[in-house]
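In structure tokens, the next block holds one chain alone, the form predicted alone.
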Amino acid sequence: MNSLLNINNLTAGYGYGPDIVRDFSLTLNKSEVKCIIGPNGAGKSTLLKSIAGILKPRSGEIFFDGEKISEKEAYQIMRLGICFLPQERAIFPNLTVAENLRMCAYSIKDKKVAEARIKEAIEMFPVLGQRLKQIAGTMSGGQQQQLVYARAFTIKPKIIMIDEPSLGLAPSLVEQTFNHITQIASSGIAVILVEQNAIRGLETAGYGVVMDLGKLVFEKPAKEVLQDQSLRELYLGKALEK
């Protein structure tokens, strides 16, 4: 088991409801970027929540770095090195940018290491360095998104899972957001991306993963998905027309 993440025959759902993710298997290697696409209700967000420990699998197994995590709590999984960024911007809107960064670095016991991580995150997202005293909730949507990524970067995860990063952003900020994701991936962090903007998501990723009705339909190099006209029409539709 050499992959960083191994998902084996995962089935998951909510409460007493039906299965949302069904017999799903996937692997992720170090520094890989995989974009998961599919129609609404395909189970994409449910899959990320299951990996993060927010939702307990009904069956199947998840291994991270060789260790079984499918029965662990969310905080344990985060400490191991998997960071989940949900659709809602996970910031403290009433705290300053600096306080937000310190809150995320709070789990780092060595204060010198924590400060070094914060400094490194600010170097990656320099606009935050200019707004350390600003209340986070008063920043623009794009700036808040950068704060989300910087907070995640401070804990040095091995995997970052991002759910719909472009959702709610102005078109002018979408390109900036994907550039930030590319920047994070280039630092050696593996990324699982769920994205409604299928073109841009696949352009950012190395592999495209299609989900439908909770199941894996196929996984291919992202370039092949973008270049295959039949796949474009079947899974990406009019969104790919240029």
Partner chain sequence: MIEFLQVLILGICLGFVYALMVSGLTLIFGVMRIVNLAHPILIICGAFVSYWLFILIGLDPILSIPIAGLVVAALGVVIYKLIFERNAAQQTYSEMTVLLTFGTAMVIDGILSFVFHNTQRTTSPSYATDAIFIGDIFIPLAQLYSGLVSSVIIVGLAVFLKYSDFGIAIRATSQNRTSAELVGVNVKFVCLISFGIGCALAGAAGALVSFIFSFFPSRHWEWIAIMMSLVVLGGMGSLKGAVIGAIVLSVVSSMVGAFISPAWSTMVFFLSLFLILIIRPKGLFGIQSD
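Residue numbers count along the first chain shown, from 1. Because the structure is predicted, anything quoted here is derived from the model rather than measured.
What comes next is about the form predicted in complex with the partner chain, which does not appear here.
- This chain is displayed alone, yet in the predicted complex one of Met103, Val113, Val127, Met124 has a heavy atom within 4.5 Å of the partner chain; that residue is Met103.
- Three-residue candidate spot Ile184, Gln196 and Tyr207; no residue lies within 4.5 angstroms of the partner chain in the predicted complex by any non-hydrogen atom.
- Shown alone here, Pro93 lies within 4.5 Å of the partner chain in the predicted complex, counting heavy atoms only.
- Not displayed here, the partner chain is kept clear of Ala170 by more than 4.5 Å at the level of heavy atoms in the predicted complex.
- Heavy atoms of Met78 reach within 4.5 Å of the partner chain in the predicted complex, making it an interface residue.
- The partner chain in the predicted complex is not approached by Glu120, whose heavy atoms all lie more than 4.5 angstroms from it.
- You can rule out all but one of 50-58, 185-193, 63-71, 22-30: in the predicted complex, only 50-58 has residues with a heavy atom within 4.5 Å of the partner chain.
- Interface residues of 145-161, taken as those with a heavy atom within 4.5 Å of the partner chain in the predicted complex (partner not displayed), are limited to Arg151.
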